[in-house]
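So this first bit is one chain, no partners, the form predicted on its own, shown in structure tokens.
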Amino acid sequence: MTSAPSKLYADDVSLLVVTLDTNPFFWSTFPFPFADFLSQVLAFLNSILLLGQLNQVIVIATGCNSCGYVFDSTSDKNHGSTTGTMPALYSNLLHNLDQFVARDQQLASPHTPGTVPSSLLSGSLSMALCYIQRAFRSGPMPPQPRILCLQGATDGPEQYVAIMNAIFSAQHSVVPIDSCYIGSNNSAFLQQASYITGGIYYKPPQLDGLYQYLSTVFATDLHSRAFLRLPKSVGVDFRASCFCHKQTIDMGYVCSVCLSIFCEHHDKCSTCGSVFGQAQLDASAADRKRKA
């Protein structure tokens, strides 16, 4: 699905906002080490900055309980000298990432043993869109904005409404959401996000070559994508999550007033209070009987 016509952007300047999944519960059970994943992501971010001196890269860490900015290439402290043998890009990002992970672990809430809690994708998408809206107001020719979600944890059905709101906001602002999912199964939320906003959804078959996939699929700017054959999603999972049990469902009941979704029939909508079907008829009959 193609996105709406582009606004007046500088074709050769990109603003890439990356959401980085740092869920410790996922990485502790995933066979690919987080250190190897991060090293390839850092090389990819460095290549984006090397493609153009005006390119901008923003990194948002996505934890289980919070989200936070860990790198901004426009910041003055990221243009300083190297620290020992490590460039400023790596040292500042790793330092901020360590601090974020420590803060996120302090906010950890109890979860069911043997399960992996979902990452706060809705929060990181909202922060990415807020940063992009600020870039829109920076001048008449802002860089081309796009979001890249590097996600590994499974979808959190309880975030369905917030994520869909972020997706439609990105579509309205003509901001593509690219998705690189490294988990075991596909992500229905990210599939829908990339499909609706005109972005790219891709699940690398081999994580050892993650940098090659990132550089060949996601490094291209929006202007150049019209001339390349990039991967397209074979299928998109459009299943929604119910508002009552926060579970992904194939069929359900939809409130005709507020469009809330339920997996079971209810006499009354728990979101807006509307009365459904036979319960509404019974309430009207009882009301008429009282008046008579």
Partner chain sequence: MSNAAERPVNGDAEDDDEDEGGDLEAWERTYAEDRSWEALQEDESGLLRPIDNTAIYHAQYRRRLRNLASKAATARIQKGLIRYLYIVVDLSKAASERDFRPSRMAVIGKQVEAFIREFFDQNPLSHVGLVTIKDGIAHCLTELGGSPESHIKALMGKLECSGDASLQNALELVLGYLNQIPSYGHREVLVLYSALSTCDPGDLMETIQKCKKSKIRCSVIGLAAEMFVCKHLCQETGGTYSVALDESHFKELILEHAPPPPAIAEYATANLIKMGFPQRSAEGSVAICTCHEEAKTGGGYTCPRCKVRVCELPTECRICGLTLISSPHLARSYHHLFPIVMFDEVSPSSQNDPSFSFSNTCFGCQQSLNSQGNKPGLSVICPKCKQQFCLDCDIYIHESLHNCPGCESSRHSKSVTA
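Please read all numbers here as calculations on a predicted model, not as lab measurements. Residue numbers count along the first chain shown, from 1.
Quick note: we don't show the form predicted in complex with the partner chain, though the next part is all about it.
May I ask you to check whether S256 falls inside a 4.5 Å heavy atom distance of the partner chain in the predicted bound form? Contact with the partner chain, yes.
I261, heavy atom within 4.5 angstroms of the partner chain in the predicted bound form: Although the partner chain is absent here, I261 would touch it in the predicted bound form, with heavy atoms inside 4.5 Å.
My question is simply whether S66 lines the interface with the partner chain in the predicted bound form - judged by any non-hydrogen atom within 4.5 Å. S66: contacts the partner chain in the predicted bound form.
Since only the chain is shown here, I'm wondering whether C130 would be in contact with the partner chain in the predicted bound form (any heavy atom pair within 4.5 Å). Yes, C130 sits close enough to the partner chain in the predicted bound form that at least one of its heavy atoms falls within 4.5 Å.
Determine the residues of 180-210 with a heavy atom within 4.5 Å of the partner chain in the predicted bound form and present them in sequence order; the list may be empty. Contacting residues: Q192, Y195, I196.
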